[in-house]
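Presented below, as structure tokens, is a lone chain in the form predicted on its own.
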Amino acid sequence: MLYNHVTELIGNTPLLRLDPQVHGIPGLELYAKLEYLNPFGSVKDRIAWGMIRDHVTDLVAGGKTLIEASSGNTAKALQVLASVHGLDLKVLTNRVKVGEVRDVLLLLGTDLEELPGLSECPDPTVPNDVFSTIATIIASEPGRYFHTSQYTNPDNVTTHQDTTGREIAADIGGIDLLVGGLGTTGSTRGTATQLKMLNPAMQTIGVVSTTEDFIPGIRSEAEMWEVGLFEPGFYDQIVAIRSTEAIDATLDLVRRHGLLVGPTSGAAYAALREHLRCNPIPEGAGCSAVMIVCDRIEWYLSYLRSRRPELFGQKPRARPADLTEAEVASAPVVRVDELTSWLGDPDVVRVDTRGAMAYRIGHVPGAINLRDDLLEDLLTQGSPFPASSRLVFICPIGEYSRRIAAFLTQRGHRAYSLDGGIVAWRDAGHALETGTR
């Protein structure tokens, strides 16, 4: 089949019926929308083109630079599209946590600015720095930038309504269930909006990671507040999946269904199975479902190796995210008033797990800064802390720090979580230290 431009390859992806004998769910007709077969490798190819397609002529004539907040796939697609049209792209992010994604962006020539990372723990003490930084950059040079703004741009939703949803409808008509990961939320909202025209009773299931965990391509339960397009009431259910569940389901799709998909797609598959476990299809009835398969597995080999080293012939490593909720709940905590009495003790090590920007704004006096992802990388190699010290971990509200304290307590440390986190410390009127340490 002949094409005259790479943009003609975007969309019209295959819809694959998965073998019922393999997925094993009675009554379920399950289809996978293979978005990883878009030309730049992901579902984001559609919105990248959808957000600039009608503006390209003016953007080129005006010598504009595209600017976007993206952790990977949208930036990748925008960079290719910008390059082939002679445009520049500037990307800001604090979420690139997968080495292959960063390498591909650099290979494509992306002007990538990585800001100090925000903690995975919800942090009401700091502004949303990526978006405020973009606003500052745009204001500093009026007329230079075109902000595609995937998190707020309605073209993100309408692109999927006009393409992804229509393609599924043309292939199989109305369905009973749509499942997709929640990043910007554009793919699930747009696709579902179109498909509900055929079946208003269709259920839409959104998929996020659990608060303490990380799955590339989707946001956690605590991060959805950052997404301007997110409408909680649109979804019939939002299922939170742990990375272990997403990886297991990814392996199932790869090894048993022949789909070389990334962990976001595994999360969608795991969420579908969890939904149907809690809401089984009545005996003798049927259910047709589509899950959106976002991207390919090759981008995420380092992520999979760090989470499941045994898949690559290495020894398994315990991680804080693997703890059960009961184990986390059993972690020792220290109250704010107790910690004030410990400040003069040289054997008490205080560790602030927030991002660098939040730490610089204000931290418990004497605390060092080890951002959560860096801390977890260290812990996979063993404890970097002396066994003789008392350790106090401090996060925004005392959730993430509790998990770390529980993890290190199991390994023989005297580890504590500051109850209520930095917010409790601040609200109690105690002094905050500023700057770096």
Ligand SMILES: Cc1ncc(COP(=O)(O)O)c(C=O)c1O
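A residue's number is simply how far along the shown sequence it sits, counting from 1. Please read these numbers as outputs of a predicted model, since none were measured by experiment.
The form predicted in complex with the ligand is left out here; the points below concern that form.
In the predicted bound form, at least one heavy atom of Asp295 sits within 4.5 Å of a heavy atom of the ligand. Contact annotation for Val208: none of its heavy atoms lies within 4.5 Å of the ligand in the predicted bound form. Shown alone here, Tyr300 lies within 4.5 Å of the ligand in the predicted bound form, counting heavy atoms only.
The ligand in the predicted bound form comes within 4.5 Å of no heavy atom belonging to Leu178.
Annotated contact segment (heavy atom within 4.5 Å of the ligand in the predicted bound form): 213 to 221, selected among 280 to 288, 319 to 327, 213 to 221, 361 to 369.
This chain is displayed alone, yet in the predicted bound form one of Thr184, Thr159, Thr148, Gln79 has a heavy atom within 4.5 Å of the ligand; that residue is Thr184. Taking a 4.5 Å heavy atom cutoff to the ligand in the predicted bound form, the contact residue among Asn73, Thr353, Thr250, Thr164 is Asn73. With contact defined as any non-hydrogen atom lying within 4.5 angstroms of the ligand in the predicted bound form, Thr264 is the only contacting residue in 254 to 271.
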